[in-house]
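What follows is one chain in structure tokens, specifically the form predicted alone.
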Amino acid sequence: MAIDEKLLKPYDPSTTEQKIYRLWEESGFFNPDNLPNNPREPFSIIMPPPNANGRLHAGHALFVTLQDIMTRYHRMRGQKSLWVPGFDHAGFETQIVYERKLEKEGRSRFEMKPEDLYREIYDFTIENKKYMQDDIRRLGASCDWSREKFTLDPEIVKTVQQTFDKMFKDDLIYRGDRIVNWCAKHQTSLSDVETEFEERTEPFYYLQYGPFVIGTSRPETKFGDKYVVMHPNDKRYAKYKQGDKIDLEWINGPITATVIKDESVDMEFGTGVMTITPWHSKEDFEIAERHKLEKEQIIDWKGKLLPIAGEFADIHISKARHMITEKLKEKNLLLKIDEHYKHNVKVCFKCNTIIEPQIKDQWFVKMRPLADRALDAVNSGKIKFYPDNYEKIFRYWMENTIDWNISRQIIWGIPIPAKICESCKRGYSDLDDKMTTCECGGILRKDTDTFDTWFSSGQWTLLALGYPKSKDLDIYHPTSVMETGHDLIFKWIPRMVIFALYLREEVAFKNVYLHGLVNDEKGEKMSKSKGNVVNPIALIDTFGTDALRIALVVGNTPGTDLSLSRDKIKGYKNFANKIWNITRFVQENAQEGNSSTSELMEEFKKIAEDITTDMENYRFHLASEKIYQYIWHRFADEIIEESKKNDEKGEQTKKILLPIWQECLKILHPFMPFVTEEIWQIINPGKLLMIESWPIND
């Protein structure tokens, strides 16, 4: 065979990849409606929408690679394969990113008109979305750009608001005063999944509370403590009865405390007695609810003490704590301090501000009935998890679910279509904006809150396919697989399951594939503060996309965190060069002839069958390793060497070189699409490898 001139030069991904991607896009085959032979069996996957507030990071590169591998494989298997791309406005996270930008400019969102802030963030997001689209293309994503969605597309906003209206009418959403997670820095409530726990060492104070000794790490909350709680079976306090009144001296003078008996008290912790601050503690709130006790706010929304604190009013709690303990000490109410008390503190997941529990009038989703349906779906085998141990985590979150606060006090997001009564605080879904008066006669005002971003992204498999009614929805939903990071097993996965079951009475997806986090080469989590964040586009510029992709996959078992090494990527750049050089040898030395019954071809088919089984069972880390080993060590080191011999076996081997090599390129294509497609264009001019048939098609 005559050798192509391109093969005389070294392989250069920088001049190849953009050309090849344009070829794919212009072919129209990213759109399954255009695939040849009009395949019937669908395969579908919805891209977890990246937050459109910056460039892609290494974690994005991993999910794009894995999802593209799945899509390319199933397309070559003759399925009607759809991968829908999308981008997320990301609510609170994006507003935080933009607020940091404002801070650098000496501005504050609290000094801006809401409409001006929204417009600035919108422009910022749309600009970043363009960059992310380019980055995803650089990674070789064969997604259908004609179906791209954005969570602020008008039709999506409308549908999300309709879901709220439906859930309100179905009594699955209610308005109520309940404990929420409050971030005083950003002035918004957060759901539990938007908070994290940090272990901190802080002082623990033992205080004299009348005849009792109580312990606390937060003396600044104690101004309103007028209930002393103990376990009803604690014999140490048997003489105290429910409702007993006790006069005692407290921080700012005498108070009267009421005895409460409640089984939630841990008799083994401290003295077995505690006072409660129902407005600023979830556990205390629940005790107060059970016993119908009064609740009083001690700390305002900015983290400052209210007038109930007397002389400490209007002082931020971080400064007030020492001042309060000094006064307690002066009054002989401070008994001792444990300076080394270790405990978990709940913080905002974006700014690390300590969460201040507050009672706030918000919209809540009743999770129990929805969670029970999700559990039933898993119990009946309608959803499988890879790796399967994550099913237990999913079950735990569904079995221990709590009502979900979906209100956010931020401007950036989808507005909640509701009105609130100025008099009785009753809330109404008001999608048509027609109501003006409450049933009590009070005036209704528009709710200015926005949805928790998970409320819209939880509906993503539906929204991306055109819910409530579309041809795509009927063909591709439930989706074949949801591929995402393992950290979203309790954040995003359950919400997609419950919304699909509620809105369409079917699961959102049949399989869940969870990848691990991408860490630096030392195994440390990437963060800007550490300076160890890896930019995947910079790696592509250095090593090529194919090298990065296969380095992210080989040896990377589902659910396991990955240490990304430049040396590993460099090694696979050498592999790409090896593939190029093998092609040159094959084109120079291959001979025509009958090779269909060759032992070498039969050997390859067995390997291809093994790899296909791995692909079907989401073992991409094994499939990629096997094709790599076969190409480098079996085909290059042994079969090619055998073909160099000047004997009958050598001549027969030359006849099998090209057929086996073409089958190798097919299997390698989902992992390293650019170099394999470029080679295919050389070997088979005018034909596209991306729509060739997979070697095993049973």
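What you see is a predicted model; the values in this text were computed from it and never measured. Numbers for residues come from their place in the sequence shown, where the first is 1.
Missing here is the form predicted together with the RNA; even so, the following discussion is about that form.
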As a check of understanding, the residue in Ile393, Leu102, Leu335, Ile359 with any heavy atom within 4.5 Å of the RNA in the predicted complex should be identified as Ile393
Of Lys605, Lys366, His621, Lys185, the only residue with a heavy atom within 4.5 Å of the RNA in the predicted complex is His621
request  = Examine Gln629 and determine whether its closest non-hydrogen atom to the RNA in the predicted complex is within 4.5 angstroms.
outcome  = yes
| request: Report whether the minimum heavy atom distance between Glu625 and the RNA in the predicted complex is within 4.5 Å. | output: yes
Can you work out whether Ser407 and the RNA are in contact in the predicted complex, taking contact to mean some heavy atom pair no more than 4.5 Å apart?
no
Does any part of Glu283 reach within 4.5 Å of the RNA in the predicted complex? Heavy atoms only, please.
yes
Partner contact check in the predicted complex: of 450-458, 431-439, 247-255, 272-280, the stretch with a heavy atom within 4.5 Å of the RNA is 272-280
Taking the RNA in the predicted complex and a 4.5 Å non-hydrogen atom cutoff, the residues of 566-584 making contact are Asp567, Lys573, Asn574, Asn577, Lys578, Asn581, Ile582, Arg584
